[in-house]
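Here's a solo chain for you in structure tokens, the form predicted alone.
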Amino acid sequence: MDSAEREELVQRVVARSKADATEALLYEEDFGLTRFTHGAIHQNVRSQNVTLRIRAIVDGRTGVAETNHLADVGIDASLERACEIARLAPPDPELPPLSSTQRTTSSDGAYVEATARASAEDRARVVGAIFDAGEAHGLWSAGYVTTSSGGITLANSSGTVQSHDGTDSGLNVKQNGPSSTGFAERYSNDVRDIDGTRSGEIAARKALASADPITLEPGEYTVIMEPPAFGEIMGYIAGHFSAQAYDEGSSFFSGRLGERFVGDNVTVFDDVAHPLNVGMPFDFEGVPTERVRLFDRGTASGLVTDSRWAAKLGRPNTGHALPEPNSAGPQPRHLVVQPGTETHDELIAQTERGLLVSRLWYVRTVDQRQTIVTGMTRDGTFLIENGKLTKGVRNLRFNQSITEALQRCTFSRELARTASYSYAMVVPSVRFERFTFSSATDF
């Protein structure tokens, strides 16, 4: 379905509804995934689906129903189910009206035809290049390559109609040796940016350089994190800038908007139009998504809102709603950390003694208000001595406040997109002057 076909369908849904107010969201996705390990592709899947989500409002009560039966009989059944759920739901005195907004245009680069047309054979060629890179060094490879395309269209009974089409692709690879591993990743809207040879070589060099790792005592170290590791950390700070988290007291700066918490070199935006991570230009209520400055030179300067929390706090609606109703409130979706002036290699060269961390694993919250998280290093941790990488290091577990770490940090000038199951963002490498490791491992 193209956007015109999707718009015709959702407007038909709204027209057929008997609810007081109706919102129709249509998601379409074509997703391909190729997994590999030990020199072989062991899983190749492709899924295609279209999902219609109907939100019906009856007497100030909300009901939601979903279906992929898009004939009139399926639409009518889902409309009736949504209305029936609404009639049984408790009233919501803070329920905001449905949005009434102008149409928003997607940024260039959001949709790339080459990615939309990518096949299993195309992904297999990327995997083959990864295998070649590993086997040339006596290593075996594991990971995945993914490509996807899709569209989302929203219409409601207040007259809002929005459509967005996008593509995405990604590569995640671990090269494995007898005593060490190395990691690399690459994500882009354009599959032609996904280079199996380059990523395979990066991961292989890390695996070779970290062979026979040494054990270090836990303690406080200067730490340089590459984008995959830094992105994992920043994923745990993003939700603090939700208006709901701020108002309910779970944000580290609740009641203290405008105060400085981190270094004055720390500026962070939420920016759906950044060329390395182009996203949907409106939220799940159809409101255009604004570029919001979250940290401004160390100061907690911004909140993201949706229609409910904008009204509740008397703030502008920044267009960061999740599908309503939800328990999480508005959320940043596309973090961008402003880069520094030094190169990644210069950050290393300027470090007398410290650690380079390629990737983190199993990061979890310890204390939400203090932004303390725990987790482990993985797939390429190195000792830095006199500005050079000297040895591989066995993995370490950390316990660290993110905001405390950001009080003394330096960013590289190179930016990269990093991603996981729950986030995609654009970040540089970072050097933390103090980062606390609580225990060591034997692997």
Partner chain sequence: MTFRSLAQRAVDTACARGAGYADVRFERGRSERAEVRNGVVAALDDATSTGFGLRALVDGCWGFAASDDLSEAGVDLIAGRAVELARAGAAVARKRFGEIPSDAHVDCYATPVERDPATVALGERVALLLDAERSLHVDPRISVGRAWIDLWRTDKEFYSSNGAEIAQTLQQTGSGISALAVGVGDVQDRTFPGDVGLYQTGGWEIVEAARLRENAQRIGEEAVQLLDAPQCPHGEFDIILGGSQVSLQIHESCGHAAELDRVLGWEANFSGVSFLDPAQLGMLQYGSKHVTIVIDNTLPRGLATVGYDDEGTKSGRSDIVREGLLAGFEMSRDTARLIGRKSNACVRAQSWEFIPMIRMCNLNLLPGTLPFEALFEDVRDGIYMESNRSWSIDDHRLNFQFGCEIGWEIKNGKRGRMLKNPTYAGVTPRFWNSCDAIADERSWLAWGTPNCGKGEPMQSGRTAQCAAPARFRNVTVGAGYRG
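Residue numbers count along the first chain shown, from 1. No experiment lies behind these values; they were computed from the predicted model shown.
Quick note: we don't show the form predicted together with its partner chain, though the next part is all about it.
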**Fill in**
Which of 335-343, 283-291, 299-307, 355-363 lies within 4.5 Å of its partner chain in the model of the complex, heavy atoms considered? The stretch 355-363
**Position in contact with its partner chain when the complex is considered in the model of the complex, options Arg408, Lys391, Arg413, Arg46, heavy atoms within 4.5 Å** = Arg46
**Item:** Contact residue in the model of the complex, chosen from Ala209, Leu322, Ile372, Ala311 - any heavy atom within 4.5 Å of its partner chain
**Value:** Ile372
**Message:** For the three residues Thr67, Leu88 and Gly128, which mark the spot I'm curious about, does each lie within 4.5 Å of its partner chain in the model of the complex through at least one heavy atom?
**Reply:** yes
**Request:** Examine Gln244 and determine whether its closest non-hydrogen atom to its partner chain in the model of the complex is within 4.5 angstroms.
**Result:** yes
**Asked** Though only this chain appears here, would Glu121 touch its partner chain in the model of the complex if you measure heavy atom gaps against 4.5 Å?
**Response** yes
**Message:** Does any part of Val50 reach within 4.5 Å of its partner chain in the model of the complex? Heavy atoms only, please.
**Reply:** yes
**Item:** Contact flag, Gly39 vs its partner chain in the model of the complex, heavy atom cut 4.5 Å
**Value:** yes
**Request:** Counting only non-hydrogen atoms and a 4.5 Å cut-off, give the residues of 225-264 close to its partner chain in the model of the complex.
**Result:** Gln244, Glu248, Gly249, Ser250
